[in-house]
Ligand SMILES: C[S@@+](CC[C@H](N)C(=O)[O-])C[C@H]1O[C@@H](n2cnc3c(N)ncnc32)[C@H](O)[C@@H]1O
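Take a look at this one chain, the form predicted on its own, written out in structure tokens.
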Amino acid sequence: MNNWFFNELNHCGVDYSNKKQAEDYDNQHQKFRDYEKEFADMINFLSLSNTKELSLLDLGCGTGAIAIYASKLFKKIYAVDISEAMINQAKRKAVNEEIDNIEFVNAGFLSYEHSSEKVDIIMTKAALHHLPDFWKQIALLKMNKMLKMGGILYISDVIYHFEPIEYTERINTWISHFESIAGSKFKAEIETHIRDEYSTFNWIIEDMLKRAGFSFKKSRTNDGFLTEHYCIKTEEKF
């Protein structure tokens, strides 16, 4: 690999390669997240039916919370994460629930090579922000290559919808909201996210998606930060 290529193992923000941090991840997030409801909402947002014949690639799967729920509805799941500690925890969950249709891969957005047939759906939830914008674009092009024509790309992440001049007030308000529902420890994680990670503006990610061969079906956000994009692959880029 070229010396100038981005190294995804050099984590930014919270270090999820740390075994203890990975073990604490679910306990911390369960304070303000309902994974089962999130997955059901995603299925509804994408208007999916007859999922038993569909394949799903989960990029940045973390501890496998969403992949576990997806395995009960989809034919095949590919669950990919750069953190070996997170993947190992996800594998333990799958074994405990006797799930056999998830293929776990320890890799990143840029290093993962999909050797099976193209998938019907790619999802990435709270993960794409680990890449700077240049490498987000490269990652989206790689996703195009892995997805069937007409397939779905679902992105759920922190994406800024406010005007740049508003950043101080909007970010402080958002952080305070999460502190009120998840406590001071998670407030510190949000502050780390804003300071050290690579969330970007909506107008930037929208242009990236178009350049990567995707068209928008619909989007939604309740707070101008947490955003869902439902896109369709309309153009081959490879």
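For every residue, the number given is its place in the sequence shown, counted from 1. On a predicted model such as this, the values are computed, not experimentally measured, just so you know.
In what follows, reference is made to the form predicted together with this ligand, a form of this protein that is not presented.
The stretch that touches this ligand in the predicted bound form, counting heavy atoms within 4.5 Å, is 53 to 61, out of 209 to 217, 39 to 47, 53 to 61, 174 to 182. Contact annotation: A107 falls within 4.5 Å of this ligand in the predicted bound form, judged by heavy atom distances. Contact check for K142: every heavy atom lies farther than 4.5 Å from this ligand in the predicted bound form. Under a 4.5 angstroms non-hydrogen atom cutoff, this ligand in the predicted bound form has A65 among its neighbouring residues. Shown alone here, I138 lies farther than 4.5 Å from this ligand in the predicted bound form, counting heavy atoms only. Contact here is defined as any heavy atom lying within 4.5 Å of this ligand in the predicted bound form, and by that definition each of E8, R33 and M86 is a contact residue. Put simply, of I159, A94, L131, I121 only one has a heavy atom within 4.5 Å of this ligand in the predicted bound form, and it is L131.
For the options I102, A127, I152, I155, the one in contact with this ligand in the predicted bound form, meaning a heavy atom within 4.5 Å, is A127.
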